[in-house]
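Quick setup: one chain, the form predicted on its own, written in structure tokens, and binding and motion questions come after.
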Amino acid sequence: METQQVTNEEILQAEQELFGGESASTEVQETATGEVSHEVTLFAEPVFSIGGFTVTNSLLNSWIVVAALIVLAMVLRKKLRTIPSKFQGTVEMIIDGALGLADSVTGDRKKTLKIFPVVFIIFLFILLNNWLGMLPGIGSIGYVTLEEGHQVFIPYFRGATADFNTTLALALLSVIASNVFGIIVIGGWKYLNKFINIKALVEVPGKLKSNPAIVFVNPIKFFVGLIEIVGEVAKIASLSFRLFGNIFAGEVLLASIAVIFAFALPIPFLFLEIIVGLIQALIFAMLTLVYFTVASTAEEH
């Protein structure tokens, strides 16, 4: 018995030396219990890698949504008829209503038709991602891995809009695309002067005699243009953080409610998240539409 006791102490000492003190020994004991932890993280967890490219669970969710939208577009195109079916009629009614809503912002159907495809596909992408995160299996089907001596559960799928990388990419797409659209519609020189108003400074010497106040007015115009640059950066921050914050908060709320009581109690909150998902998708799409409309309007208008 005494020999066995000495051997155990030696083993414990070797483990402490190998893993680094008492904390390492504690980690080994916790691993041996077989308990698996799972927490809602701010970052997306990696699922697998393709070469040096890491595929996360939120990225997988995004791919599913993109595939679903492609299939939906192909089915709709194949089923288009002169005399519409009930399904085609429903889709046409939705599109017509969305076009009418867009017209109320742009004030011009021709401009709406140019902007609408981008805005509507962004709306559908965000909406499906918001709702897909609430389906059974999303966030609950995955694998167990060992991290820092703990068994951690990693879900295969996670709502993409609950990942800040996704919302930031969408915000960048929205703002950059609106600026490119503005350059195409009103011209590069006019659009540049909305931000760096070189024209206002050049006009000062020529109009100084007829309008002395131009010495004060035009430099102000120049600095206002610089503020517009800050405004463009602020658009990216507001779009990305608003969408991410609302969807991530909903994900945490549902997880917390499920821990308290998994049966019946989460149902009202699921309906609330369905409404929030729709509203957030609509807000993002409408703001994108506004950005496109403003970008395509000349400075003097």
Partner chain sequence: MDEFIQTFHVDWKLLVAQLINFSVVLFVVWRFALKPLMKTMADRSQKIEKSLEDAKRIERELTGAEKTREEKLLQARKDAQDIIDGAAKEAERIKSEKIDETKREAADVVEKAKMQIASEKEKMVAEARKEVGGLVIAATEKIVRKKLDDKADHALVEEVVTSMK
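Bear in mind that the values here come from a model prediction, so they are computed numbers and not experimental data. Numbering follows the first chain given and starts at 1.
The following text describes the form predicted together with its partner chain, which does not appear among the structures shown.
Participant: Is there any non-hydrogen atom of G188 lying within 4.5 Å of its partner chain in the predicted complex?
Facilitator: No.
Participant: Although its partner chain is absent from this view, report whether E92 comes within 4.5 Å of it in the predicted complex, heavy atoms only.
Facilitator: Yes, E92 sits close enough to its partner chain in the predicted complex that at least one of its heavy atoms falls within 4.5 Å.
Participant: Within 4.5 Å, heavy atoms only: does T56 come near its partner chain in the predicted complex?
Facilitator: So T56 counts as contacting its partner chain.
Participant: Applying a 4.5 Å heavy atom distance criterion, does F43 contact its partner chain in the predicted complex?
Facilitator: Contact with its partner chain, yes.
Participant: Counting any non-hydrogen atom inside 4.5 Å, which residue from F164, Y156, F195, W131 sits next to its partner chain in the predicted complex?
Facilitator: In short, F164.
Participant: Between L99, V180, V224, V144, only one gets a heavy atom within 4.5 angstroms of its partner chain in the predicted complex; which residue is that?
Facilitator: Flagged contact: L99.
Participant: Which one of these stretches, 180-188, 79-87, 100-108, 227-235, sits within 4.5 Å of its partner chain in the predicted complex when only heavy atoms are counted?
Facilitator: Partner-contacting stretch among the options: 79-87.
Participant: Within 4.5 Å of its partner chain in the predicted complex: all of P136, A249 and L254, by heavy atom?
Facilitator: No, the whole trio is out of contact, none within 4.5 Å by any heavy atom.
Participant: Mind listing which residues of 46-76 have a heavy atom within 4.5 Å of its partner chain in the predicted complex?
Facilitator: If the 4.5 Å heavy-atom criterion is applied to its partner chain in the predicted complex, 46-76 yields G52, F53, T54, T56, S58, L59, S62, W63, V66, L69, I70, A73, M74, L76.
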